[in-house]
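One chain comes next, on its own, written as structure tokens: the form predicted on its own.
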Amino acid sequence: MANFDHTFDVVIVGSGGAAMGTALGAVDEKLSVVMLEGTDKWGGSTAMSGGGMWLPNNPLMQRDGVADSREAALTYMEECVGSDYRATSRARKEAFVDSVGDLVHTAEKYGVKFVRAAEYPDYYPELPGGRIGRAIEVKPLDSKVLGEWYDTMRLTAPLPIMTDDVWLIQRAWSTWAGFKRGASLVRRMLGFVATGKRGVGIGAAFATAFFQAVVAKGGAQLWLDSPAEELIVEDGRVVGVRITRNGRTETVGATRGVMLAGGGFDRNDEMRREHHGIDQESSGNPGNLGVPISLGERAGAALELMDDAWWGASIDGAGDSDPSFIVGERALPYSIMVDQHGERFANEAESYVDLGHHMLEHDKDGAYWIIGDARHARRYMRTYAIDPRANKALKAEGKLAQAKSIEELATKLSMDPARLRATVDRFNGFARAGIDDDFARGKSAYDRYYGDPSVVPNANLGPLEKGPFTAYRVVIGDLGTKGGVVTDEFARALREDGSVIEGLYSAGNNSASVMGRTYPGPGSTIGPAAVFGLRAARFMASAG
């Protein structure tokens, strides 16, 4: 038996949603637990994210009397996810759906307060079993409860914002509902300030609430700047982790199990080129270098879906700036996306993973552009266009162009003016008719969620007619990778032959996704991450 510098029941590599879910289960089972964060910031990609969790048939839906069921959820997942991979097995789908209630109830037991994104549809709501309102998130709260830990949270949006704020506020200048939602957010912000609180929402709210649950209340430990270097294996069982901490090597023993929850390989250029074949600029956590995935592979774990990611379109950044991932703006009227030849290639309003796949299939190395007319710029809040200094830099680098006419814009973008004009004219005809014959933009309830209901006959379509016209360069982006360690329904790491690696678990983007190559609904990353983390901890406790 190895002599360890430290010993815990459960050792977790990472500090994001999957790590927090595991820690929640561990503390609820009265197990000692430590989270090992390799960087100086905790919270992972989850703290940077929209913070939603796609949790079908969840207790909040049941309390609100919203119809859903285990059968509907599984039917929907089979329809849109399929079962082509070990990660998407029926057993794993059932495990996910069946543990949704446990996650919500256990988190609430430790003080986490959830709210529903009641109007947010599944991404394929028209499929059998599809629903609207399956996503939940942590209610905005006071981050001052974190004390000094606030300064080390990986924070990108320090505002008490909620998911349903986003789609309404982007049209705050064009609809009464949007204006009211904007005013509601301002009141919420002022309410926190007036009471001496520091409000946070979305991913930061998740990180804050779960930190309070598992560390402040549950007694879990969180060590920063403690990267995992090697798994310690005895007689075929993973029994601990070798880390670097305070400038020296230390060993941490795990009597019940080691959970790899350290994210994907978003920022590892070498791994991205090997598995994706492109130089990728990700919006994921800068600390996601793929080390925990490699540790699992060296311990004998099988890997799957390594060629895939949570793809999407991103506005190209100026200089060394990260790209800006775009979601709702793509669906708004008076805009289109085209390739370098001036041709549309997909439904701009479809789910970001689908759009990313379409970009990869169409031209993984080419340039793309989102083009809007004056109404698109005037009526809607576009997150990528609000910083004048960034716009100036983008224009200087040729990543932003403006012109009085479509033909002039085409020339600035090195396109054939006649070809871009033909694309715009065809789209404008669809917009006036209200039906997109090429890509069915606006047909799905998901498309319309981000549309503008004041625009008729189709909330997602509006003709590009009024100059000046503006084009932003778009690149293939992502929110993180989705390939990793193959696991079973208890998040146990599996070898290629399907046998279990005793003592080793994986969840979140550290593991191959139960969602396969698609994205069933908002929060399809964090929801399963937290659920399988909790399931792993429950299993560790029961296995002894």
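Quick caveat: nothing in here was measured; it's all calculated off a predicted structure. Throughout, we count residues from 1 along the sequence that is shown.
Omitted from view is the form predicted in complex with a small molecule, to which the following refers.
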*asked:* Counting any non-hydrogen atom inside 4.5 Å, which residue from Asn391, Ser283, Asn428, Asn347 sits next to the small molecule in the predicted complex?
replied: Ser283
*asked:* By the heavy atom within 4.5 Å rule, which residue out of Thr106, Gln212, Ser99, Ser226 makes contact with the small molecule in the predicted complex?
replied: Ser226
*Answer yes if any heavy atom of Phe469 is within 4.5 Å of a heavy atom of the small molecule in the predicted complex; otherwise answer no.*
no
_I'd like to know whether Ser49 contacts the small molecule in the predicted complex, with contact meaning heavy atoms within 4.5 angstroms._
yes
*Contact test in the predicted complex: Val514 vs the small molecule, heavy atoms, 4.5 Å*: no
*Do Ile526 and the small molecule share at least one heavy atom pair within 4.5 Å in the predicted complex?*
yes
*Option from 37-45, 493-501, 59-67, 23-31 whose residues, in the predicted complex, bring a heavy atom within 4.5 Å of the small molecule*: 37-45
